[in-house]
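Below you'll find only one chain, the form predicted on its own, shown as structure tokens.
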Amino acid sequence: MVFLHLFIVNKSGGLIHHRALSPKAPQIGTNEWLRIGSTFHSLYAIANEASPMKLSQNKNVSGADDGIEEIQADGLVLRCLQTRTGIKFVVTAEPGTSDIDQVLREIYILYTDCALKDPFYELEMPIRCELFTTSVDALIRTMERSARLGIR
């Protein structure tokens, strides 16, 4: 079980945070990350409009707009949590990684506890909060350690 990347996209499609979560994660430059963030935001919006299956009131279980929740490939799983405010938290992981949804929810809680409560943080702007970064790192270490030990 390996979490690879985390990226957070604001409601306008701008990348506000990105980081590798593992040494196994491919190295991606800043410009590529910006492109990935805006492309994912666009694909999410297209999927919301083009989906033949509409959820009630076009909202998912978290109350956010319906769109891409998961993409699976041979060597990668991409999972997205969109909040009611339109911020998308996206984690990529190796196939077979469990508890991705739990990790996304915990990262969202860390965002609200660390970044949003930082008096110097402005909404929709890049997250530059050391407490958030260290808390995400601790969460990933805990989740990977729990998975190795078989603890849920």
Partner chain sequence: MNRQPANILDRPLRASRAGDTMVSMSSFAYLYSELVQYHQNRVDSISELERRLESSGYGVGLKMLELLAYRSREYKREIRLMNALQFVSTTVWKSLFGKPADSLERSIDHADEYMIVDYEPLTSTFVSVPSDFGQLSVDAYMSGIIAGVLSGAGFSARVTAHSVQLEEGEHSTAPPSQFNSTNLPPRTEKAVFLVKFSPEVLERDAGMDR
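Note that the coordinates shown come from a computational prediction; the quantities given were computed from them, not determined experimentally. Numbering follows the first chain given and starts at 1.
One more form of this protein should be noted, the form predicted in complex with its partner chain, which is absent from this view; the next part is about it.
- For the residues Ala47, Ile28, Leu116, Met125, the 4.5 Å heavy atom test against its partner chain in the predicted bound form is passed only by Leu116.
- Checked against its partner chain in the predicted bound form, the candidates Thr83, Ser42, Thr112, Gln102 yield a single residue with a heavy atom inside 4.5 Å, and that residue is Thr112.
- In the predicted bound form, its partner chain lies within 4.5 Å of some heavy atom of Leu131.
- Interface membership of Asn10, defined by any non-hydrogen atom within 4.5 Å of its partner chain in the predicted bound form, is ruled out.
- Within this chain, Tyr121 lines the site of its partner chain in the predicted bound form, having a heavy atom no more than 4.5 Å away.
- Remark: Glu106 counts among the residues lining its partner chain in the predicted bound form, judged by a heavy atom distance of 4.5 Å or less.
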